[in-house]
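For reference, the chain that follows is the form predicted alone, supplied as structure tokens.
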């Protein structure tokens, strides 16, 4: 006897409600703020399940997480130290995304800036810090900008997908750095693949003695404020938003869309390059070798990719991005403190990052679309 699959499918279709996805006419500011907050709360709830699965009381785990990130002066300084590159990369991504330039190459632009800064930092030993620090910052900015503007030109002139070109650019510079630090730039006194140390005059001064937070923090705040001013107070900011909203309509309005795209790529890549300089001159002092997400011998702990997450969590907003960057810095620093205190594995941060991202994407969908039951 054959099972009537056709009849069963017809029966299920008849019983299931008919749903329709509709675009919301204009989502309110309250809705735009509500969903990211709910996404974080839902993710923290899922995180509580993960902490419990590790055999730890979730309340205890979260206490050590937030106390380890914000509990005393040392914890706060470590959080601000981690916040610095996250704010820079988040700002770089948000600026590009507002123009619909999908810059997935911030990680590579960050490494490019650090590589060029390493050259000057190693080559100009003995130079005054008043000259060398501005030199490494400017060179890092220009290097990151150049690495970003190439995909922008390819997109503007030849319609080449920038997601592909910027992502491939990450791997090109990553393996180029690996070649340098394992070849011509190899430090003969180190067990790990890294360059010689940069000049002491290229090292970023610390804001507070004995703590690791350095002047890169001030630079990051400067670019976050600059991002705010550009978007809210300038004609160029209006052109960026118009180009991102509808390039064809922006062109009809007289906006030079190609010029806006390329200048945004220059600033976005330059900010990412400065993030690399900040890590080199403020934290590592050597150009590091191959590795991702905190692997042995790596300059960046995946900060460029984290910048994409931060920009999305912050709603590509000049105020939301610093808040999102600080939240992720708390999660990174706190996860390590929670591991030391309770034994919950420190990669808990990456699980939380992925969970928040999934919840956030769902929240963004529900912000701009609604699901309605169709009658009949």
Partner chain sequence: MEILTYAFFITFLAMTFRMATPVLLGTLGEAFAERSGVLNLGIEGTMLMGASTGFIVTYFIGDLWLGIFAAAFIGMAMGLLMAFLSVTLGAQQHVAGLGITFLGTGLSFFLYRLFVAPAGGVPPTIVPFRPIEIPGLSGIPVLGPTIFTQPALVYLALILVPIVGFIFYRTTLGLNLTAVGQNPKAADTAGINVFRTRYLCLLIAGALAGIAGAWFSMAQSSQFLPGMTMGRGWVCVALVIFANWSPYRILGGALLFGGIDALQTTFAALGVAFPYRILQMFPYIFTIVILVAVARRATYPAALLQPYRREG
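Positions refer to the first chain, counted from 1. Quick caveat: nothing in here was measured; it's all calculated off a predicted structure.
Another form exists, predicted in complex with its partner chain; not displayed. Remarks below refer to it.
Here the marked residues 124, 224 and 265 all miss its partner chain in the predicted complex; none has a heavy atom within 4.5 angstroms.
Residue contact with its partner chain in the predicted complex: residue 326 places no heavy atom within 4.5 Å of it. The closest heavy atom approach of residue 345 to its partner chain in the predicted complex falls within 4.5 Å. At the 4.5 Å threshold, heavy atoms of residue 35 stay clear of its partner chain in the predicted complex, well away from it. With a 4.5 Å cutoff on heavy atoms, residue 175 counts as touching its partner chain in the predicted complex.
Interface residue among 146, 215, 135, 154 relative to its partner chain in the predicted complex, by the heavy atom within 4.5 Å criterion: 154. For the options 160, 76, 142, 207, the residue carrying a heavy atom within 4.5 angstroms of its partner chain in the predicted complex is 160. From the list 125 to 133, 267 to 275, 108 to 116, 301 to 309, the contact stretch for its partner chain in the predicted complex under a 4.5 Å heavy atom rule is 301 to 309. Along 353 to 370, a non-hydrogen atom within 4.5 Å of its partner chain in the predicted complex is carried by 353, 354, 355, 357, 358, 361, 362, 365, 369, in order along the sequence.
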